[in-house]
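Okay, so here's just one chain, in C-alpha cells, the form predicted on its own.
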Amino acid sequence: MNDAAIESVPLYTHNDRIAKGLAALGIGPDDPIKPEQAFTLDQMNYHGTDAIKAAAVTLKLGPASRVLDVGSGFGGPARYLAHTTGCHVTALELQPELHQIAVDLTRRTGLADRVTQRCGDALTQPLPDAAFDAVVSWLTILHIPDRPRLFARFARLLRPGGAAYVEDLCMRAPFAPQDLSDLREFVYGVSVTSIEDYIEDFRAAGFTEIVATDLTGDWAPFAQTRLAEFRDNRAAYARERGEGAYADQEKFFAVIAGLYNVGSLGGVRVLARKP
C-alpha cells in the first residue's frame, strides 16, 4: 500500500484537529478524557457511534470477545466497543500519525487494558491465527489494493464460527474518467467494486452465511447533509481547528457527495461468517 498517497487524502490531514477539538471542550494535552468526550471527535465512519453500536449488537460482543479492527484510524470505534461491551480490541492502523494519536487517546481514556493499538499494514502485520471472534472495519478496505488476499487473511485470523463485519464504499455504476480520478486522488479508493464482487471475494476466502446490505439509500443523503451542515458551520469549525483543516475536510466531503450524486458511488455492509 502507498503510505504517502493515503496520507495525502484530505480526511487524513490536519490531524491536530482532534487536540484542538478537545481543547475547545476545556481538555488539555495531558488531561484525562472521558471516553464519551472523545466519541464526538474520533469517529470517521457514517453515523458515528450508532454504526459501531449496531455492529456490537449484531456480533453479540461481550467481555470475552476478541476483536480485530482493521483501519482503526484515531481508535474511536475500538474504544467505543471496549468501553460499551468490555471486549478486547486489537486496533490496527497503517498511518503512524493516526496511530500515535490513537495511542494517546486510548491511554488518556483509561482503556489501554482493553484496546491494543498496532501500527502496520493489514496484509502483512504479524497477528496470531485463529485469535479473534470478529474482524471489523469501517470505510477502510477501499484503500487496500488486494482485497482477496485480505479476506483470506481474515479467514485465518478468525476462530471457527467467527465473523467479519465490514462497512465500505462500493460501485453502483461505472465511474466517469474524472470521477474515477477524484476517487483515486481524494479518497484513495483503490478497490471500490460492485457489491457482487465484494460478496464473491468473501466467498472465495471460504466465508459462508454472507449477507450484504446496500446502504446507498442511507449514505447518499447522509453525505449531502453532512456537506451542507459542514459548510454552514464553516466559521466555527475554522476558528476552532483552522482554515486548512476546514478546507481539506470540505474538499473530501464535497468529492464524496458528488460521487454519490452522479450515481456511481454506493455503500455496503457485509456480514460474513467463518465455518
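Numbering starts at 1 and follows the sequence shown. Since the model is a prediction, treat every value here as computed from it, not as a measurement.
The same protein also has a form predicted together with a small molecule, omitted here; what follows describes it.
- Candidate site formed by Y12, T140 and H143: every one of these residues places a non-hydrogen atom within 4.5 angstroms of the small molecule in the predicted bound form.
- Put simply, E93 is close to the small molecule in the predicted bound form: some heavy atom of it is within 4.5 Å.
- Mapping the unseen interface onto this chain, V166 falls outside it, with no heavy atom inside 4.5 Å of the small molecule in the predicted bound form.
- By the criterion of a heavy atom within 4.5 Å, I6 is counted among the residues contacting the small molecule in the predicted bound form.
- Contact annotation: A122 falls within 4.5 Å of the small molecule in the predicted bound form, judged by heavy atom distances.
- Listed residues A134, L98, C170, L183 were compared with the small molecule in the predicted bound form; L98 is the one with a heavy atom within 4.5 Å.
- For the options Q224, Q37, N45, Q249, the residue carrying a heavy atom within 4.5 angstroms of the small molecule in the predicted bound form is N45.
- Residues with any non-hydrogen atom within 4.5 angstroms of the small molecule in the predicted bound form fall in just one of 205-213, 229-237, 25-33, 66-74: 66-74.
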